[in-house]
Structure formats: C-alpha cells, structure tokens
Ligand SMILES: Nc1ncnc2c1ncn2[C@@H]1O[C@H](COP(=O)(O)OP(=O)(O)OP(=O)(O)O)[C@@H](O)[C@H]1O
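Below you'll find only one chain, the form predicted alone, shown as structure tokens.
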C-alpha cells in the first residue's frame, strides 16, 4: 500500500528533517509512528499524504509516486490526512458545504456528491452537525474525518488528531479510528502520546529524523527498555500489567483498554478459585 524508500527531507532553512526513512505499510494495517516534538513525525505524515515532497528517495501510495503532480487528484482519492487542529481543515460555515467542496474538485455530479455526504454523515453519526464554527473541537475533528471519508480514500494519515481535544473527545476520536481500521481502512497514526498506540499492529519510534526501532504491538512489553532509551513512557495500561505480573498475577498482556484488563483479572480470579 505505502512504500517509503531511502527518503530524505530538508527544511528550506537547510536544517535536515528526515534521513534515510524506509517504510512498508500493507493494505489494512494500523501503523503508529511515535516520537517527541521535533522528531520529524508531522513532516513524515505530510510526505506520506502527498502534502510535502521528499528531497531525496521516494514515497509511493498504491504505486502512485507522491511527487507526481499530474496524479495529485488520483492520490487524493487514495490517501487523506487529518491534522491535529481540525480548524485547519474547515473552510465553509456549513458542514455539508465543507465536505462538498473537496468532492467538486473530483468533478462529481451533484447527485453523487449528495449521496456520498449523506452516507458519511450517517456513518460518523453527525447528521445534526450544521454550523461548522459552532461545533466543539471534538465535533470539528469528527467533521474533518468525515470530509476525508467522503473522498473514499483507502488510507488515512492521522497527525496527532487528539492533541487539542479534552479526555472525552480523545476517547471518541480514538474509538472512531479503531473502528475505521476494523472496516478495512489503512491507518497511519502519528503521535507523541504512547498510550494512543495500543490499537496499532506495528509501532515505529522516530527520533532525530530517523526510524530508530520497529516492533509489533504484542511485543510492547519486550520493548520497555527501548522506549525508555528514547524517553518515551510505557502506556499506562501496560505499566499496570507489568506491575501485576511482578506480583504473580498473570493477566492477558494483549489488553488494550481498562475494560479488557478488568475482564482479564476477573477471569484469572475465577480460574484460580
């Protein structure tokens, strides 16, 4: 689906941002890219989505070279991006008008545009969203995701999508993203919050513009020291699992939510009774 080969990027100031990036992401995968601010995460996200172009090396999405300006519209039909500030993606006062704007650039007939919009607003449960600028930040992010879905992309890049949201908004958006992946969407999730990567199939650690380490989600416990070496905290739920195991309580290490962890502890108690 996505292939990044020996990709480099330098800011206009001459400061290197990314160096020697190699990534292979399969269709339907959920991949998380984690790192501190300044590690190059957002730049990498923008290159994968075709917003920026690599200075050296290349990035292809479904065989489309993101540097090929002639295939920009084809690329937009394949991959979309959701930014951390949803207000950066809102142009029009009305939610449906905002979604329709991008679709008109695809030369779709009005009937097809209306059908896509209605399908997506039902899927995202935002039928009652009308005035874009009166929505909460969490609602604006839902509307921004809906706009990308209306393009019928196969892959969505999320660049720190919960950074500006309150706890409830974060939970709602994370749930939406997980559900999209279950529906078959390829997800590239960029964040500096390690707790948000638990739904990912694979995790990449980015530091100083380079990918320093890669591991699967089920190997998270085996990579605690690696996370610490890059000053990244272990997800809270994984920390709890480690502490329980140290006390002789063998819980399911694949638990991704507090609810799943509680169920695992309850099952251990029943089996031991």
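Computed from a prediction, not measured in an experiment: that's the story for all the values here. Positions refer to the first chain, counted from 1.
Below, we refer to the form predicted together with the named molecule, which is not included among the displayed structures.
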item: Sole residue of 130, 192, 152, 136 within 4.5 Å of the named molecule in the predicted bound form, by heavy atom; value: 192
item: Three-residue site 243, 259 and 264 fully in contact with the named molecule in the predicted bound form at 4.5 Å by heavy atom; value: no
item: Heavy atom contact within 4.5 Å of the named molecule in the predicted bound form, the stretch among 211-219, 57-65, 229-237, 32-40; value: 32-40
item: Touches the named molecule in the predicted bound form: residue 160 (any heavy atom, 4.5 Å); value: yes
item: Contact test in the predicted bound form: residue 17 vs the named molecule, heavy atoms, 4.5 Å; value: yes
